[in-house]
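The chain below stands alone and is given as structure tokens, in the form predicted on its own.
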Amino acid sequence: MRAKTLLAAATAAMLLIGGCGGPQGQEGSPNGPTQGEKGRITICLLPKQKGIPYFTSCAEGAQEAAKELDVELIYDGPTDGSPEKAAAMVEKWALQGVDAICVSPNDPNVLAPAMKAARQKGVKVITWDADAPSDAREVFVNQATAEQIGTALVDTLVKDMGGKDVKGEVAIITATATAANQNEWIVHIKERLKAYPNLRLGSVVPSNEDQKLAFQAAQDLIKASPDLKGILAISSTAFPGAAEGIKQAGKAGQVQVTGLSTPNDMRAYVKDGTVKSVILWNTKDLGYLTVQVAAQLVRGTFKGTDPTVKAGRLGEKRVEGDNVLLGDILVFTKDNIDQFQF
């Protein structure tokens, strides 16, 4: 009799375990599992390109948040920046039943179908660093508004060139022609340049997230335009490549370059005078905020439409529409760059 009782108990336990499902919890639940239903959740963080310092430092902040929140963090992405490979990763993770996927899309149009399909499976999908169509994700964890970034880039370059009375041509070296966030920044760069009528925008050149191509682009721009006074290099790989191109062309101090990159990547160029200013945000904080937002969406403590979100050590962060704003643009110069290590 006792053996029968133990067998029945074991059978019931097996049925209970079998009904719990995989990492996603109850498949098809529109709101996902809450912390009460499952304590430990799985969040995937997908960068545009794995292996470059910008995204590596984002991942460090993401891991910090994951430890705080009892989250299993999967950080992976294409090392060549291929949007097709990134889309395949989203599809794989959705089939595995993870709880949330955080995407920095290199080409939103390529990634959007996979992101939408993941949402239909009950996975929370958000964007970070770069956005995708709003129907492909729930919220965008945005480092700052496109207007803030575009304005900061232009105003800083003008200052570094000597002020608003400087005359000449400005060029842009971007990452890829399909990078939606950078295309939006360029809209605001063009708008802000109207405040400086002595400057005109020349070429906008993609570098395909390749530092060597950015190096060559900078040298080509210098050769093509004797009136070139400044370059805006608006990706973390384009900026050091462009700086090296200017340096090797012997144009340091004559052609100013500023843009977006990590202080570690740009420190040598700031120290030797090739670059006066580096613009960015705290990349570790961006990764940290992304995991905070994703975890709270899964657990139901943030609905996506709340005016603010509590973000651990970052305090409360403002939500504008469906954008969660990190909101702190940093400018690194020779006076402060050694205070930052990322």
Partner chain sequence: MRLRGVPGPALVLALLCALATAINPAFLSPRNLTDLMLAAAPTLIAACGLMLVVASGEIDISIGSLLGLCAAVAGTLSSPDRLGLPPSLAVAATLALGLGVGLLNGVLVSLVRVPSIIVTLGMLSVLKGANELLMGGKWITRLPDGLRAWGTGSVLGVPVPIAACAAVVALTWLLANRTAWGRRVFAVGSNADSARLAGIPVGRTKLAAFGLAGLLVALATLVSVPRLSLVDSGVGVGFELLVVTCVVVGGVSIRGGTGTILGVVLGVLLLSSVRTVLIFLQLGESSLYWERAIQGALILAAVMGDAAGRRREARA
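Small disclaimer: the values here were computed from a predicted structure and weren't measured. Residue numbers count along the first chain shown, from 1. Only the largest set of C-alpha atoms that superpose within 1.5 Å between the two forms is called the rigid core.
We do not show the form predicted together with its partner chain, though everything after this point is about it.
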*Heavy atoms within 4.5 Å of its partner chain in the predicted bound form: which of the stretches 136-144, 194-202, 123-131, 149-157 has them?*
194-202
*asked:* Taking its partner chain as it sits in the predicted bound form, is Pro206 near enough to touch it, meaning that at least one heavy atom pair lies within 4.5 angstroms?
replied: yes
*Counting only non-hydrogen atoms and a 4.5 angstroms cut-off, does Asn282 reach its partner chain in the predicted bound form?*
no
*Although its partner chain is absent from this view, report whether Glu64 comes within 4.5 Å of it in the predicted bound form, heavy atoms only.*
no
*With the cut-off set at 4.5 Å between non-hydrogen atoms, does Val255 touch its partner chain in the predicted bound form?*
no
*Flag this candidate site as yes only if Thr79, Glu244 and Asn264 all have a heavy atom within 4.5 Å of its partner chain in the predicted bound form; otherwise mark no.*
yes
*Does anything in 54-87 come within 4.5 Å of its partner chain in the predicted bound form by heavy atoms, and if so which residues, in order?*
Thr56, Glu60, Thr79
*Large Cα move at Ser82 between this form and the one not shown, threshold 2 Å, rigid core*: no
*By the 2 angstroms cut-off, has the C-alpha of Lys116 moved between this form and the one not shown once the rigid core is superposed?*
no
_Taking 2 Å as the cut-off, check whether the CA of Ala132 shifts that much or more between this form and the one not shown after a rigid core fit._
no
*Is the CA-CA spacing of Lys85 and Glu184 tighter or wider in the predicted bound form than here, given a 3 Å or more change?*
closer
*Are Ala132 and Asn208 closer or farther apart at their Cα atoms in the predicted bound form than shown, with the shift being 3 Å or more?*
farther
